[in-house]
Each structure stands twice: as C-alpha cells, then as structure tokens.
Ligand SMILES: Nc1nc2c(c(=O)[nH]1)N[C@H]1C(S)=C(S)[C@@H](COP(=O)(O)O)O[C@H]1N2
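A single chain comes next, written as structure tokens; it is the form predicted alone.
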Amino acid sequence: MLEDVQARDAAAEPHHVSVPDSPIAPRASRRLLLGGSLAALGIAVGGLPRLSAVSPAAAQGAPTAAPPKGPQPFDYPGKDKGLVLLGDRPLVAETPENLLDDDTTPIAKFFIRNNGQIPEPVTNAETWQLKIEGEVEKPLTLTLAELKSRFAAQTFRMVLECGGNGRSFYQPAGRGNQWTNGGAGCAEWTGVRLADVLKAAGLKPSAKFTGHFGADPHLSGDASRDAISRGMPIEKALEPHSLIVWAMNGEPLPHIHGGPLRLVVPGWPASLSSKWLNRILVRATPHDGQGMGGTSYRIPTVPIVPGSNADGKTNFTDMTSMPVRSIITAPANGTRLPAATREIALRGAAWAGDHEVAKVEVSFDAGQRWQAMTLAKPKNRYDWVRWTGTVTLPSEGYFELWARATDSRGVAQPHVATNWNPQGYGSNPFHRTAILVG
C-alpha cells in the first residue's frame, strides 16, 4: 500500500537537509534556518501550553526511526546540481527557494516527484496511446498525434505542487519525503483541455469522478499493482485549466516529468497530475485506486493531537485546493552583506491553490512589523504571483526575513504548521530566510 511505502521511505530519507556552505553558518541546517520552531528563537507563541511533540508510541518506549541521514548529492541528466535529493526509491528531489527565482521555472530547476519506478522511454512519442473509458458514451483510444490534431492546443503557466510540500515543518514529522518549500514549480504547460477530450467521449449523467493511470511500474515490480492511481470530482476535471500536456516550457515533455503525456491539474495536489498517462477511467463513484482513502492525500476535518495514530476512516477529507504559500527567492538563505548595507531588495513568489494571492508581507523583526510587497500580475489563473519590495534594516547584524501571503478569502499563512496529520499534508508556515549584515 502507498502508506507502507511512505512509512518505509520516511525512515530512509533525510528529515532535514543543509544549505550550501555560507559565511553565516557553514553546512548549517536548512530546517533550522528556514523552518525551525519559533521556540528555537526564544519566541513565545500566544502563551499557550505546548502538547508534547513525542508520539504516543515513542512515549511508550516503542522503537523509533533511525537517525536521519545528512544531505545527499544530486546528479541527474538535465537537472541543476543544486536540487536536494530527498529519496532515491522512488526518486524525489526538491528545489531550494533561491533556485525558484525565475518567472517561469526552467526544466533544469523543476522538482522531481515519483511514486514508483521510472518507466522505459518510448521511441516514438506520437504513437503513445491514451484510453478514455468508463461512464462515457463513446470510449476513446487516442494517440498523442490524434490528440494534437483533434483538439485545440492550450498553453498556460501554472504552479504544480506536491501535496506534501512543507512536510518537514510539522512536529512530529509526518510520514514521507521531508519537503521544505521546494516541492513546487511554475512551468508553461502545453496540451489540450481534459474537458474537451472527456466531452468528445460523451459523458453519461452518471459521470461524477475520474480515476487516472500511468505507465510507471510499482516499486515492487509487481505488474498487477499501480505505483499510484488517483482521481478527482468531475467538476475539477472539467475546469478549463486542467490539461493533458505534451510540452513543458515549449519543449517536448521530458521523460522524468511524465513524457510523453501527463495530466496537469493545477491548484490541487500534484499527485492528481498523473505522469506517463495512458488511461482515464470515468466513474460514478469516487476512485479507489492506489493513493486514495485512509490518510493518503487526506487531511483532518477536526484537528487531532500531533503524533496521533489516526487511520483516516473518520473526520478526514480528500485534500483539494493547496494552501496559500509564499517564498523568498532573493536574497538566498545564508547571504552575507557588507556592514554598510541597510536597504535590502527582495524578490519572491506566492500562490494559493484554487484561490488568488491578495497580498504578500515581509517582516525583519519576527513579526512585530509587516511591510507590504508589490505584486506583479499573473499571466493566467494558477500562475504564481511574483513579488518584489525593499526593507530597511535598523543596523548591521543577523536578521531573519519572514514572508507571509494572504489569499483572496483573507486566509494567511500561519506562524507554524497547523492541522497536523499522519502524512504531513498542507503545511504552509511563513518562509524564513537568514541574512547577516557585516
């Protein structure tokens, strides 16, 4: 089961990774500088008593996971060596925030998230086949060439974000890859609307959900098991920005990113954006594939005690819109500036799932004062918002720059990760970047 794989990976993967050597703190922990608890800074949070961060199992003397490994080198063809390896089975790598400084994320800097083995590349992408079946009047089998010729192509710049992005900020840690903020990127995707293809198949009145399938083999090699197979309500499938894509940033979709064909379902967990897509099953009932049900991509509807052994059977719901998030892309964490520097020019990005970004604010004094940043206009819905601004520091010394975004509903990023859940979904606390002046 997916939960078993993630639980095993959690023991094998690093729970925190390090930034490159810097003048501030050589080989310093990214977790400390980027997302450590406020308590580590001696800051009281509302004066509330803290529940223990130790899980009930650990408190009872149960065995715990082995100490996390240190940062692992990353070397993959066509990828920036600055990416951080979070796991090699399956292959998972995140992008440090400072490498997300481009308006459009280059392929070389785009994060990698796999759930199974990487399938063998195809020799002729145009002959790749996609089946549409289930609750449809006319089941379809379409080649990539037929998709291109039968339907109008669309290009949108849209954020794709792992459902577990920010997982490392939970205490205790959730199961799975210990992402900081780097499980996200914003590329230009070219393909056809999923809605156009589904309508061509003739949706029956009973068509209420989808189920997605890809060619990636299960980690075990068992051909009868799917690496992952998730689905969504038909309303999201028919949303005009949900695409079946064959190109990324104007280039044929790279194999590592699901080429020759994948889904891109913006605003929702990227696990729905199936790679190496070869089948879509239209269903009358919610999909029950690998990665559905239990605690997989599901969050509590009633807050639970951190460390609880919840099974997801009650008071849990499927994760849909990703939470609002902002990152500082410049200056990079660990930057040292001359002693006379007082004006700090900032750049960053923000996004908010199905919602819009209303504002981004930055603080250099641990949230005592906040300063609004200037937002650029996104190219289209689901594009991230690039922001800029300047803060004036009162002196030289060590400062943490905190960034928070607020979405169009008035919901802002929290100080710390909230709504703990066993698999660590939905964690979106302030992004914090350390700099030293002088």
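Numbering starts at 1 and runs along the sequence shown. This is a predicted model, so every value here is computed, not measured.
Just so it is clear, the following notes concern the form predicted together with this ligand, a form of the same protein that is not shown.
Quiz item: Check Phe111, Asn115 and His257: does every one of them have a heavy atom within 4.5 Å of this ligand in the model of the complex?
Solution: Looking in the model of the complex, the three residues Phe111, Asn115 and His257 all sit within 4.5 Å of this ligand (heavy atoms).
Quiz item: Any chance Ser274 has a heavy atom within 4.5 Å of this ligand in the model of the complex?
Solution: Yes, Ser274 is a contact residue.
Exercise. Check whether Leu100 has any heavy atom within 4.5 Å of a heavy atom of this ligand in the model of the complex, and answer yes or no.
Key: Flag for Leu100 set to no.
Practice problem: State yes or no: in the model of the complex, is some non-hydrogen atom of Val360 no more than 4.5 angstroms from a non-hydrogen atom of this ligand? | Solution: Heavy-atom contact with this ligand at 4.5 Å: absent for Val360.
Exercise. With heavy atoms only and a cut-off of 4.5 Å, decide whether Glu188 touches this ligand in the model of the complex.
Key: Contact check for Glu188: no, nothing within 4.5 Å of this ligand in the model of the complex.
Quiz item: Can you pick the one in Met232, Cys162, Leu144, Val192 that has a heavy atom within 4.5 Å of this ligand in the model of the complex?
Solution: Of the candidates Met232, Cys162, Leu144, Val192, Cys162 is the one lying within 4.5 Å of this ligand in the model of the complex.
Self-check item: Interface residue in the model of the complex among Lys236, His241, His287, Arg262, criterion: non-hydrogen atom within 4.5 angstroms of this ligand
Solution: Only one listed residue qualifies here, and that residue is Arg262.
Quiz item: Going by heavy atoms within 4.5 Å, which of 196-204, 321-329, 360-368, 213-221 lines up against this ligand in the model of the complex?
Solution: Stretch 213-221 is the one.
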